[in-house]
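A single chain, nothing else alongside it, follows as C-alpha cells in the form predicted on its own.
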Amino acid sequence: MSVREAGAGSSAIPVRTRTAPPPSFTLNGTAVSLEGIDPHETLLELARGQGYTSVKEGCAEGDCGACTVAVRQTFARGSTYRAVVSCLTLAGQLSGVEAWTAEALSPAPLPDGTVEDLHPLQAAIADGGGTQCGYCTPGFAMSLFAAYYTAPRPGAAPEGDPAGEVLAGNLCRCTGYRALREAATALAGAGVGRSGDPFWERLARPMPPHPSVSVEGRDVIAFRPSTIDEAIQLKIAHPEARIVAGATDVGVEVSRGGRRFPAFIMLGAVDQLRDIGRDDTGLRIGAGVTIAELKVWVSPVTLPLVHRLLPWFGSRQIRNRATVGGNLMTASPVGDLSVAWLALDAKAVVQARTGTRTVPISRFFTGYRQTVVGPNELLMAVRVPPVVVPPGGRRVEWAHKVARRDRVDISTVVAAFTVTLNDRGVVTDARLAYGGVAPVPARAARAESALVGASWDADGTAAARAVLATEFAPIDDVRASVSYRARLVTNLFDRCVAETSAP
C-alpha cells in the first residue's frame, strides 16, 4: 500500500492513494476490478462494458429508470436490496458493492430461445403482457426485484399507492403501466423468506465491511474514508476534491453535463454519519442518512412536516442514494427538505478537526449554492429541537410542493409552515419557509412577525398575507413565470389556513 504525503500546511497527513488488494465490486455475482478505472465512470457504463446490456441509458440524469439496477446494502440496520439508478452511481463509490442487473434473474436462453426457471417477477411481467418495446422493461424488473424482497416495516402504515411508489422512478413511453402496476401490487414483499431462493438467502449473509479505500484513474482519484477524522484530513489535504454523499446531484453533473473533477471524497462508508437518535435536546439525524431511510423512520407522529414532504422527494431510486446532508449541502433554492428544516427551526452540526459548532439552518445558506460549511469542515447532522406547545394550544405543521409531476420532478415552489397556537387559537410563533422564490431557501420573516398575535383564520391572517405578498422577488425561468410564483406564495398560505384553521 502506498501513501502520499499531504502538501504544505496540512501537517503532513498521510493520505491513502491505493489499497491492496485492488478495489473491486461484485456485479451479478462476479468480481469486477476497479483498478485503473476513472472514478467518474458510471455503474451503467461499467455494466454495459461487462456485456450486461439490459442496463439502458435513457436520460442520464436519474429520471427515467431505464438504467435501474439493484444493490445490496445496509438499510435501517438490516441487509436489503435497493433499486438505484446506475447512471448516477460513480465508480468511485463502488468498492465492495454488490450489484445486480436483469441478466442475473434467470439462466441464459436455451438454443431454441426459450428460458427455463423464470424469476417470479419476470413471469408476472410476461404473463401480464407487461412489456412492449422492451427498452425500459429491465429497469422496471429491477425496481420490482427490490420490492419483491423487501418486507413492509412492522407497524408502518401501508402505502396508499404501493404500485405507484415502487414504479414512480420508471417511465414507459409505450404506456404499458397497467400490467406493470398489477405486477408491483402482487409482488411487493412476496419474496421475503422464499425457501431455496439464492437472492433471499444472500440477504442473511453479513454485509461486507467497507474499509477506507481509493479508486484511482489516470488523472483523478476518489477517496472513500471510513471515519469522520479521516474524511476531514482528506478534505484538508485535498481542497480541490469534490465531497460526495449519494451522488444524485454531482452524478448529473458528471453523467449529463460531462463535468470532471480532480479528486473526490466519497462519504458513503462513514458509519458515524448514518445515525438517527432522540434525546432531551431533540432529534439528531446524521448527514449520511439516506432519504429512503428517513422516510422509513419518520411518521405523522415523529416528524409530521417531513413525513408530508417525503413522498414528493424524487423517486424511490433517488431516495435510496440521496442523503439528508447532501440535500442541504447542495444548497439548491428548491431543496425540498431545506424548507422543512427552516420551518422546524433546525440546526446544522458542523465539525472540524478542532471541534464542533452548531449553526441554525436559517443562517446555513450564504448564497446561491453556498453554505457556511468551511473548507476544513464537514456537515455531521441536522438537529431538530423538541416541539413546545402552550397548555391547551396546538401546533400546525403543513407543507406542499408544486411541480409539473408530483414525484421525481424539481419543485416550482415548495412551502413548509409551522404555526403554534395558544388555547384561544391565537398565533404565538410562526415559521413560513419557501423554496423556489429566492436564491436560497428562505423564511418570510416579516409575515411571520405579522402573524404573531393574530387569530388563525382567514380574517385574522389577512394582514400577514398582505405582507407575505411582498416578501419575495421570485425569478422567471423555464419552470414558471414571476407572477405565477408570486401567486403561489400567497395561495399556498391561503390553502394552509383553510385546511388547518379549524382544530
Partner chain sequence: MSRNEVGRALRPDGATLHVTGRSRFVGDLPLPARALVAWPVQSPHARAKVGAIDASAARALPGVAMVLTGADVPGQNDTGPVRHDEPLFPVEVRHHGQAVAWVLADDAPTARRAASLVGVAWEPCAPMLDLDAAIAAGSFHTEPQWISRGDVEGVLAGAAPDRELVVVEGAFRTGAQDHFALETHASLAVPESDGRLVIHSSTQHPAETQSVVARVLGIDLNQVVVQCSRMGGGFGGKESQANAWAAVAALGAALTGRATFVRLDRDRHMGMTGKRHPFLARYRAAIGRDGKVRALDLELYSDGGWSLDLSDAVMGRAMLHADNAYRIPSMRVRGQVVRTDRTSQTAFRGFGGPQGMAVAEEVIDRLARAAGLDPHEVRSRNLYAAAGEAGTTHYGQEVGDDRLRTIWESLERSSSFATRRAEARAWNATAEASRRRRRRGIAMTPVKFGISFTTTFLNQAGALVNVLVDGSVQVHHGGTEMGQGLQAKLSQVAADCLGVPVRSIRMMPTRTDVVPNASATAASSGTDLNGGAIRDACATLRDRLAPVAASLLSGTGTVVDPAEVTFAAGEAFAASRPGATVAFAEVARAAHRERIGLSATGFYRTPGIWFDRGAGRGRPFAYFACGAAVTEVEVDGFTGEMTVLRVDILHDAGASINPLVDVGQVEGGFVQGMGWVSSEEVVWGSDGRILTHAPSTYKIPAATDVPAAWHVALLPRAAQAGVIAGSKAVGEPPLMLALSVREAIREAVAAFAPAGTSPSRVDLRLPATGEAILDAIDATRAAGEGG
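Nothing here was measured: the structure is a model prediction, and the numbers come from that model. Residue numbers count along the first chain shown, from 1.
Not on display, but discussed next: the form predicted together with its partner chain.
Chemist: Within 4.5 Å, heavy atoms only, which of Thr281, Thr356, Thr175, Thr366 is in contact with its partner chain in the predicted complex?
Modeler: None of the other options qualify; the answer is Thr175.
Chemist: Would you mind picking the one in Gln132, Thr330, Ser299, Ser362 that has a heavy atom within 4.5 Å of its partner chain in the predicted complex?
Modeler: None of the others qualify; the residue that does is Gln132.
Chemist: Using a 4.5 Å heavy atom cut-off, indicate which stretch of 197 to 205, 116 to 124, 299 to 307, 340 to 348 touches its partner chain in the predicted complex.
Modeler: Selected range: 116 to 124.
Chemist: Has each of Glu35, Ser212 and Arg431 got a heavy atom lying within 4.5 angstroms of its partner chain in the predicted complex?
Modeler: No: no residue has a heavy atom within 4.5 Å of the partner.
Chemist: Should Asp409 be counted as a contact of its partner chain in the predicted complex, where contact means heavy atoms within 4.5 Å?
Modeler: Answer yes; at least one heavy atom of Asp409 falls within 4.5 Å of its partner chain in the predicted complex.
Chemist: Is Thr470 a contact residue for its partner chain in the predicted complex, using a 4.5 Å heavy atom cut-off?
Modeler: Outside the cut-off, so no.
Chemist: Indicate whether Ser54 is a 4.5 Å heavy atom neighbour of its partner chain in the predicted complex.
Modeler: The answer is yes: Ser54 has a heavy atom within 4.5 Å of its partner chain.
Chemist: Hey, in the predicted complex, does Gly217 get a heavy atom within 4.5 angstroms of its partner chain?
Modeler: No - in the predicted complex, heavy atoms of Gly217 and its partner chain never come within 4.5 Å of each other.
Chemist: Would you mind checking 461 to 490 for residues with a heavy atom within 4.5 Å of its partner chain in the predicted complex?
Modeler: Residues within 4.5 Å: Val478, Arg479, Ala480, Ser481, Tyr484, Arg487, Leu488.
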